[in-house]
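First comes one chain, alone, set out as structure tokens in the form predicted on its own.
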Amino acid sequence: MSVLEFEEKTVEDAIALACQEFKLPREKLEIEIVSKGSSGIFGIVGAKKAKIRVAPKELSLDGLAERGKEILTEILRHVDLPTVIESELKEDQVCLNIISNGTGLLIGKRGKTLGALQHLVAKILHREVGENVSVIVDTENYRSKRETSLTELAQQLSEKVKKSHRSLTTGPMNAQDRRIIHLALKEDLEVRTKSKGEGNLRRVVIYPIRRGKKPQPVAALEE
């Protein structure tokens, strides 16, 4: 959990600064008053600032889901679309589903907008609770459809590699899409996969395994 110290002329001023820094209301912060400060003589000589130690209150998993919903709701207020957000927990993941009539805009090309929203919510939750929180943002079952599509693509590419005995490379993919490809072919004993490239240009290379050669563990699964 992230713990920060704040100093201001008064305790109330220090608390206001903490709320601004954490972007949380007072009731969602754990506040420890280290020193109430003093005004000194005539408010000048010997004056000491008030000092507090502050951390976000620990949230249960249900609390994290609700907080994730609040964060995403606030973000989407800047988008001119009517939206309703549903939140639930699935295997310790905060799952947020957006219901809207503008899902195409929210998804973006190859899910980039949806991915950006997911990354932003996860970052804010991490800042507030001081630890990584697994977040999935979805709309119109896009994630499931995308996974099915990529799994089918992986199988098709695998068959081509087996027939040609030559490696094939996918187009640029984000980490989540690459992981789906890796997992789809993890149990295939005739091919292996590996991520290649840098940043947004990383791709998945599918290699044929020579006969008699044991498949190697796929370290790229953790990417």
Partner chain sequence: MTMLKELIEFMARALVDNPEKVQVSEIEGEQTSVLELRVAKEDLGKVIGKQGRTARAMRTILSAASTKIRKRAVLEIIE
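These numbers were taken from a predicted model, which means no experiment stands behind them. Numbering follows the first chain given and starts at 1. We call the rigid core the largest set of C-alpha positions that still match within 1.5 Å between the two forms.
The form predicted together with its partner chain exists for this protein as well; it is not shown, and the discussion that follows is about that form.
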property	result
Options 89 to 97, 142 to 150, 107 to 115, 129 to 137; stretch whose heavy atom lies within 4.5 Å of its partner chain in the model of the complex	107 to 115
Proximity of V84 to its partner chain in the model of the complex, heavy atoms at 4.5 Å	no
Residues within 4.5 Å of its partner chain in the model of the complex, restricted to 72 to 98 and counted by heavy atom	E74, I75, H78, V79, D80, L81
Threshold 2 Å Cα movement between this form and the one not shown at N200, rigid core reference	no
